[in-house]
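Here's a solo chain for you in structure tokens, the form predicted on its own.
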């Protein structure tokens, strides 16, 4: 058998073997350990405050129960607790075994499956689903042990990323006393790079037209110079202080000719909007929202509103400024939904009804966020920090890992619910990847409320969408009011 013999089944084989039989044999080898449970593995280090703080820094999670000893001591748990979304983080093994995280624990039943898939050329990897259930809150000093069961290996599937197999594992987590603290069901796709709908080198898209440059003259150059400097300048009368936009040659209030400018804060609300449908210009992204934004300084200006679907718009929606750099040294002002503020007090039982909407939350995606959160979650997969490695494995750039998606969604829901909310579970499904240069906007609503014994069990349905589509969707279950068992 020559090393170069690679039949359609995806693994080396002998000449003359039926491709269908070869695939069946390969799948049988992959599924040989389905149902098997591996040896328990214990985290190298216990739960600790420095790791919690690093995670909160990367996720921008400001819940004081995670990082403020004084506030946590006065809270419902009497001290610092770890964010529930960190459940998987504590048993991530890092770099000490020299392999990627999903293969580093060699006694797990999935390790052999991943090795077979790698050997057959299915070297691309991406997480697709994760379900976390939380039984107990973790405190500094807890030492976790994980026990993995191989739940399922799919037959060969054709996906947008490439041909591959889905592998599903179930992991039970216990503390140093053997108490169950939570569980995780994780599904990943191992795929062969270059076999998807568009391979990494198959870039046949036409060059995008340059966005039209705004008309300028000596009377407005100061405004566009301000945009290039990251300043939204509003014309101000030096005589009476009147603000006006668009700029004029005289003050529209007192008629004075001495005009300067003030720098707007960039905060405002949506006064009105329109969504043009036809004709569509190639340089713009659609649907295109043209908004009339009322700045907190009192003037209004026309600007694109991004990071939000037209059906999510409403009058007086809080907006914040951001910038678009075009290809011709022009910087344009744009607005997106303002990031919601963290709630200082927790919603009480009885306050929520089905249909209650969570505030929209834009999450700018950049390289710093992707890399720093991957490090904070102890995920050293090269596809989350090395662009060349990511492209070699079938994606156009580095992308956000599923632990970060879980952490950001959990932080957003926690900011809305309040610091003392109890977490039961979160179920995530991943779709379009989060690449640098994009924005993911989180939205959601209450889909179910069950009341019992002084508390409400609330289900929140959520979605995080970027320019490629839906990145993450799923549900979370939260407890408001008296927490069952004190720490559920």
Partner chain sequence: MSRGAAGRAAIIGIGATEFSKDSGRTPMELAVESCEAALADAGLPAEKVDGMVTFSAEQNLEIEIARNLRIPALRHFSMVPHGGGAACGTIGQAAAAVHAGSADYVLCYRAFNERSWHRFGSGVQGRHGGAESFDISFSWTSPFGLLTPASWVAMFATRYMHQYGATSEDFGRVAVADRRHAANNPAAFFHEQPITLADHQESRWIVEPLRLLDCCQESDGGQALLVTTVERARDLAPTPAVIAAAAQGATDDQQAMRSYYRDNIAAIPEMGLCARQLWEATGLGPDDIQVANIYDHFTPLVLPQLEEFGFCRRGEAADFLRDGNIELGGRLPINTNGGQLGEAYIHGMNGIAEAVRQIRGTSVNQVDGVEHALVTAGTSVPTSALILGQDS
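Positions refer to the first chain, counted from 1. This one's a predicted model, so the numbers in the text were calculated from it and none came from an experiment.
The same protein has a further form, the form predicted in complex with the partner chain, not shown here; the description that follows concerns it.
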inquiry  = For a quick test of understanding: in the model of the complex, does each of 220, 279 and 301 have a heavy atom within 4.5 Å of the partner chain?
reply    = yes
task = Would you mind picking out the stretch of 161-169, 210-218, 108-116, 355-363 that comes within 4.5 angstroms of the partner chain in the model of the complex, counting non-hydrogen atoms?
result = 210-218
query = Between the options 73, 348, 290, 257, which residue brings a heavy atom to within 4.5 Å of the partner chain in the model of the complex?
reply = 290
remark   = Students should find that, of 226, 247, 318, 418, the residue having a non-hydrogen atom no more than 4.5 angstroms from the partner chain in the model of the complex is 247
request  = Check whether residue 310 has any heavy atom within 4.5 Å of a heavy atom of the partner chain in the model of the complex, and answer yes or no.
outcome  = yes
ask   = Contact between residue 195 and the partner chain in the model of the complex at 4.5 Å, heavy atoms?
value = no
ask   = At the 4.5 Å heavy atom threshold, is residue 380 in contact with the partner chain in the model of the complex?
value = no
request  = Give a yes or no for residue 253: in the model of the complex, does one of its heavy atoms lie within 4.5 Å of a heavy atom belonging to the partner chain?
outcome  = no
